[in-house]
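In structure tokens, one chain follows: the form predicted on its own.
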Amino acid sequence: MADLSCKIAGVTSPNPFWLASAPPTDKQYNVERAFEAGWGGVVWKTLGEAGPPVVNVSSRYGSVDYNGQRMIGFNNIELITDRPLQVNLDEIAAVKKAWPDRAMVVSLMVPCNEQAWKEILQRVEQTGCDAVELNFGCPHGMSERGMGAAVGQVPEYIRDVTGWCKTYTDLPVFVKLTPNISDIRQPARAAHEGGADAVSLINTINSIVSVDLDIMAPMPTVAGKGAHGGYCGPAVRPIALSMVSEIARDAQTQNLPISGIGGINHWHDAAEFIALGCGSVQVCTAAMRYGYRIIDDLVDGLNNWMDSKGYNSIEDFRGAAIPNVTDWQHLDLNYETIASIDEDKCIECGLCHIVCEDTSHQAIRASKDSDGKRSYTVIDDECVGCNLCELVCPVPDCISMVEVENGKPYLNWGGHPNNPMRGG
């Protein structure tokens, strides 16, 4: 079988699946259960001491359900750990001693001053952990105190705090980035300038997932009131993949190790993050939805897929998709595809015709024979290859997109005669 062991920023683990900093990594009991189940590592739920005490609220979770599927999106208004710092540190040391082969990364968040970071780093080092992760991403509660996303949205703060941490500890420093920013490359560059050994992303997205129309308040509610929280789960994965790709192909950060986070629910999700350059992946919502045993499916699925592709290790395909990520202006404007319908697989639902007729290019003709059997035919001259029909079709491989051999040379927007900037 393929070797799933990974090494990122000097941190090793038997597989790339880590539990992210969150309720599943809040205490020794949880983490030991995770390691017994087979998880490769954890990022211990964020520690902090300086500043006002942490008091969590009840309720604190919200969910987006769709078409019978629970928790495709997950929202929380929970803060960092509300357990005493020394209790956490003692438990981290005990777990690391008992499980020396697993990655133990400790998430940290303290006020934005040098002394506070120096003091907590000195205490955390004594646990024997493998690395620290600076939480610059939490979008609620702690950001109102000048921490979390309040730091992560200001590149200069990221650079300075990362620099302090690199001064006061020899541990690898991961910087966890907030997605609540217009250009993810800027904080990544700042972390790199500060000496970060790796970045982790994405943290949660500002969100209100639903409104209770009986009490007219956002969910979850606390005594009839609600607040925005952090959004995660499968629904955020496309956003996370995009941001990871931006950092992976940015000339200023392309060699910066990445730990990928955001909606990893399946081995295929993890493979996508690794293909975009991630050295490890962090999971939270899936574990909270299905329990720790989901690790069996993640490990077995990734192993089987790698075996089928002939990959001996994750390094064999890590970053393989990056060269094929580009900007729209570089796409080939002369490349053409048209839809093709396999009539033997067609169940005559007509959905392809409906969506093309109502919302696209009227490129699918509907007909009915003398026996009342319906059929659908692509009008080649009208089809623009948008592939909407393929996406809505309920039958796998019934509709496919076929390349048109038009003999036209590659042409991008930069060379297009209608581009007013061409040649400029």
Partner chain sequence: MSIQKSRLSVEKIDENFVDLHAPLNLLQAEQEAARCLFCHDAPCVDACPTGIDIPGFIRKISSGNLNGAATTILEENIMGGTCATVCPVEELCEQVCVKNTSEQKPVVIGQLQRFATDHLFAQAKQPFQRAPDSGKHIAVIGAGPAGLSCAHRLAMLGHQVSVFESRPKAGGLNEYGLAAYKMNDQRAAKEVEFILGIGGIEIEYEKSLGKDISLDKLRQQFDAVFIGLGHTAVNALGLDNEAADGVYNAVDYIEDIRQQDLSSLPVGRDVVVIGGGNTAIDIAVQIKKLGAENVSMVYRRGLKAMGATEYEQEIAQTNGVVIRTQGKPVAIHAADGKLSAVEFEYTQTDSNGRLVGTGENFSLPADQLFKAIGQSFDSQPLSDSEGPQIVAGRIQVDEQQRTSLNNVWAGGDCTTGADLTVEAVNDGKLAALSIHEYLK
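Numbering follows the first chain given and starts at 1. What you see is a predicted model, and the numbers here were worked out from it, not measured in a lab.
One more form of this protein should be noted, the form predicted in complex with the partner chain, which is absent from this view; the next part is about it.
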| item | value |
| --- | --- |
| Residue (of 347, 223, 251, 87) lying close to the partner chain in the predicted complex, criterion heavy atoms within 4.5 Å | 347 |
| Heavy atom within 4.5 Å of the partner chain in the predicted complex - residue from 102, 318, 353, 189 | 353 |
| Contact at 67, 368 and 374 by the partner chain in the predicted complex, all three, heavy atom at most 4.5 Å | yes |
| Option from 55-63, 24-32, 380-388, 353-361 whose residues, in the predicted complex, bring a heavy atom within 4.5 Å of the partner chain | 353-361 |
